[in-house]
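Just the one chain here, laid out as structure tokens, in the form predicted on its own.
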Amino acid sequence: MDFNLTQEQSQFADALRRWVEKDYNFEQRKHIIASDAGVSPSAWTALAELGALALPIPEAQGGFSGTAIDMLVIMQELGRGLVIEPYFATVLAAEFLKLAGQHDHLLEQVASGELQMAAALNEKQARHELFNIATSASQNADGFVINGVKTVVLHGAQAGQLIVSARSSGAQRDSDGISLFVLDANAAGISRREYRSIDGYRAADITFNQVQLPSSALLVTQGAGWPLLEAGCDYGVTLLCAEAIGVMEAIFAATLDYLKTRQQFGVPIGKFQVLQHRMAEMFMELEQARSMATLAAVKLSSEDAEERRRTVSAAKARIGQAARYIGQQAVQLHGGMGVTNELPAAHMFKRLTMIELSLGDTDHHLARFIAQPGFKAAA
């Protein structure tokens, strides 16, 4: 298999990197985080003009029909630049519409940059269990009524449309009985409480109080939304793995640069062999993580759902281990400065920590990997 990027992918990555270096550097990012909005409209426009928003959208809806490998390139660059715009939240939510094959007009708005979206899937009692859903969807003559609370919805306050998982039937932890909806984030009965997470991103807790939806808001057959929910989130996990690779590349480079410039006993501390060994181990962790992220992107489109689940969970678990090791070592090698807001390394470590906690942590994905029938048969 050829792992080299195509000419188009390399050009796309170069364009994104130049934009980050010119218009989204570390100081500009800090200003955006401290602003009331917490995001930058001009950055969002730039992403749309670069084609990053259109890339994952089908050509029929004005996009470029980009593959998971294409998205890996984008997410790596956004991770390297610590871009905090609602890109991941939007393309993850759009993926549910793509998989459901509905609401083409919303996909067209995403491709053009007119619409930001978010996926409201998590609940406070669920931890990492996507099927643990207390939010209810009751059918009535006009469609459905949603009641419940979704927590830590990434960029939930910025979104114009939401993807929401709700329970139509069954017990709280059943995978059967789950329905998925797309709805206007400003619909009557919805309230959003926004806050900033430790990595500078914006998130929101969203309350649904007797929210009336038309039948057209339902994405798949009522109560049969689990396969779509799982497939969409596997796509999200793959994007997060790619973003983590970009962040780890950046923190590795920042640490290497620090070792070359920080002086002790009259020489750069990078001259000390024990620190060179530490950097070599970080590099090996990074390369193993990169291989798993690439494999996950390749297998994401597999028709075998078990293979997709197994590979994606293996990648998230391995990258979670690598991110912890590389992040902790980088902070140690920077000394006390490694945990201050003045250095990018601290922000990178915070982002790696949040990626680890998003859509299932290392322990969750190890358990999911082990639970796959193929693993049990081989054990």
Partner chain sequence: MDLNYNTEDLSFRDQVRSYLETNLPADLKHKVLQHKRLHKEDYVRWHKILAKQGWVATGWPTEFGGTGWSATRRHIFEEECARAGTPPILPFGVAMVAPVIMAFGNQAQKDYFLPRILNCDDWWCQGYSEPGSGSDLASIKTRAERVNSLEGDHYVVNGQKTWTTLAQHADMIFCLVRTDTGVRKQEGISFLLIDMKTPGITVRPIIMLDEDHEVNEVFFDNVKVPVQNLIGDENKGWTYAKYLLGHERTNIAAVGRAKRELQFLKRYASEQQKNAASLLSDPIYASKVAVLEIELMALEITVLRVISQDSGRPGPEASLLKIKGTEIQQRLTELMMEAAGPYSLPFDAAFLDGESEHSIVGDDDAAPLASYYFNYRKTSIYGGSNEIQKNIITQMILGL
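None of these values were measured; they are calculated from a predicted model. Residue numbers count along the first chain shown, from 1.
Unshown form predicted together with the partner chain; subsequent notes refer to it.
- Proximity to the partner chain in the predicted bound form, taken as heavy atoms within 4.5 Å, picks out 342 to 350 from the listed stretches 309 to 317, 52 to 60, 342 to 350, 38 to 46.
- By the criterion of a heavy atom within 4.5 Å, T67 is excluded from the residues contacting the partner chain in the predicted bound form.
- A residue is said to contact a partner when one of its heavy atoms sits within 4.5 Å of a partner heavy atom; S168 fails this definition for the partner chain in the predicted bound form, lying far away.
- In the predicted bound form, the partner chain sits within 4.5 Å of a heavy atom of Q332.
- At the 4.5 Å threshold, heavy atoms of R278 reach the partner chain in the predicted bound form.
- Taking a 4.5 Å heavy atom cutoff to the partner chain in the predicted bound form, the contact residue among D174, E129, D257, D184 is E129.
- Just one of Q76, N122, T90, T238 comes within 4.5 Å of the partner chain in the predicted bound form, counting any heavy atom, and that one is N122.
- Residues are counted as partner-facing when one of their heavy atoms sits within 4.5 Å of the partner chain in the predicted bound form; in 184 to 202 these are R193, Y195, R196, S197, I198, in sequence order.
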